[in-house]
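Given next, in structure tokens, is a single chain: the form predicted alone.
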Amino acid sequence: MLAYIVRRLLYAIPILLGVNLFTFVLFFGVNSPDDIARMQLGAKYASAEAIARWKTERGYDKPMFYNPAQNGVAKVADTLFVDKSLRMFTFDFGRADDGHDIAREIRLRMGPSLAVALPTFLLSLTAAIVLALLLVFFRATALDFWGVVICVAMMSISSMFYIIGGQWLVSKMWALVPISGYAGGLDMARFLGLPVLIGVVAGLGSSTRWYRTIFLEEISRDYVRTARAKGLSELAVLFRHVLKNALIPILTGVVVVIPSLFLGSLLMESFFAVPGLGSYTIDAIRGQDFAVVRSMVFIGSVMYIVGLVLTDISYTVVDPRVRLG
């Protein structure tokens, strides 16, 4: 097991290098350091002196990949790519283009992001699995048919509708919770209750339909017929056998959600003014702060790879037949 984990983590290094290189080329291919300086200075016709000073202060005055003015290893090390991208492997994100410490902002904003994303994830997963099992229990009935119709209808509605509609109905018309904002302590529930509820409802249709498909595939297998022949009730078959054997595809789908737990929901945090990593990323994109965007892309890649490793390990827990070599 330990050898497998180490090997997977070593495989992640070239992947992260590739992501870093691609992101670096993409950002600096579209916008040169001079273009970034002009955007941050807020002047279309900024003077050459102001641009040069801004680049020097923030380390954008170095060559991209090769520095002929240096000697030895410094020809490669003293470059923009190493300074702005490779040092992120040590989780040294440097400073944003506006001068703020990126690592400090990430630490401060991770809590609000988790406060929204974690309960949304847990409640969504539980509700979708329970509803899917309910539809499978009443399969080929009117309840199953209309349940699928409602799921498809919910899938077809944009998440923007749920956010705006929820704010209008719950906050403006009923005045039950604030329309936006964030507070710590016990007041957190007043501000995060609505975004969590909307997050659960918005993803319920697609998740329920997906899990229903998984359970329907499992319920036609031989071990289910054997369990019924032994006299087990349908509920016992669903919860003790079908659900257990369907955990591997469920875990595979869960892994794609792991990065969003830490990085936050872009739309949800922006509309509800939650000071999390999602709104931080949106603000960076809006302000064209490429240092922040590059850092968030790197963290997202790291979290996704960690999620894949954890998913492979969890396979051995839910299914003893799986062995990691």
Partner chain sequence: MTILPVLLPTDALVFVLMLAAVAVAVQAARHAPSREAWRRVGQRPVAMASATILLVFAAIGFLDSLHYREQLPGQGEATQKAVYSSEVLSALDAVLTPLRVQTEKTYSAPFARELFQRETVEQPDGGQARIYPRLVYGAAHLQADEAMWPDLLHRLAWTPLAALLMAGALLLALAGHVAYHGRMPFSVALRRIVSGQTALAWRAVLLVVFLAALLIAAGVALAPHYHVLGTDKVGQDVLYLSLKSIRTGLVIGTLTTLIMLPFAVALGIAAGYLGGWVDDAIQYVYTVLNSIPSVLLIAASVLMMQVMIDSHSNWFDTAAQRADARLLALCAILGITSWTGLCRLLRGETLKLRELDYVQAARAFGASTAAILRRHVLPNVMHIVLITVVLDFSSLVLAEAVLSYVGIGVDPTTISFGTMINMARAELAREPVVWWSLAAAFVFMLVLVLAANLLADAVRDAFDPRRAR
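Definition used throughout: the rigid core is the maximal C-alpha set that superposes within 1.5 Å between two forms. Positions refer to the first chain, counted from 1. Only a predicted model underlies this, so the values are computations on that prediction, with no experimental measurement involved.
Keep in mind the form predicted together with the partner chain is missing from the figure; the text below concerns it.
Asker: I need to confirm a contact call. Of A229, A77, A142, V152, which residue comes within 4.5 Å of the partner chain in the model of the complex, counting heavy atoms only?
Answerer: Contact check passes for V152.
Asker: Within 4.5 Å of the partner chain in the model of the complex: all of V30, S156 and I282, by heavy atom?
Answerer: Each of the three qualifies.
Asker: Heavy atom to heavy atom, is F161 within 4.5 Å of the partner chain in the model of the complex?
Answerer: Result yes; F161 sits at the interface with the partner chain in the model of the complex.
Asker: Give a yes/no on whether M64 approaches the partner chain to within 4.5 Å in the model of the complex, heavy atoms considered.
Answerer: Judged by the heavy-atom cut-off of 4.5 Å, M64 is well away from the partner chain in the model of the complex.
Asker: Give a yes or no for V293: in the model of the complex, does one of its heavy atoms lie within 4.5 Å of a heavy atom belonging to the partner chain?
Answerer: Although the partner chain is absent here, V293 would touch it in the model of the complex, with heavy atoms inside 4.5 Å.
Asker: Report yes if any heavy atom of G300 sits within 4.5 Å of a heavy atom of the partner chain in the model of the complex; otherwise report no.
Answerer: G300: yes, in contact with the partner chain in the model of the complex.
Asker: What residues of 20-40, in sequence order, lie within 4.5 Å of the partner chain in the model of the complex by heavy atom?
Answerer: The stretch 20-40, when checked against the partner chain in the model of the complex, contributes F22, L26, F27, V30, N31, D35, I36, M39 at the 4.5 Å heavy-atom cut-off.
Asker: Is V256 among the residues whose Cα moves by 2 Å or more between the shown form and the other one after superposition of the rigid core?
Answerer: Passes the 2 Å threshold, so yes.
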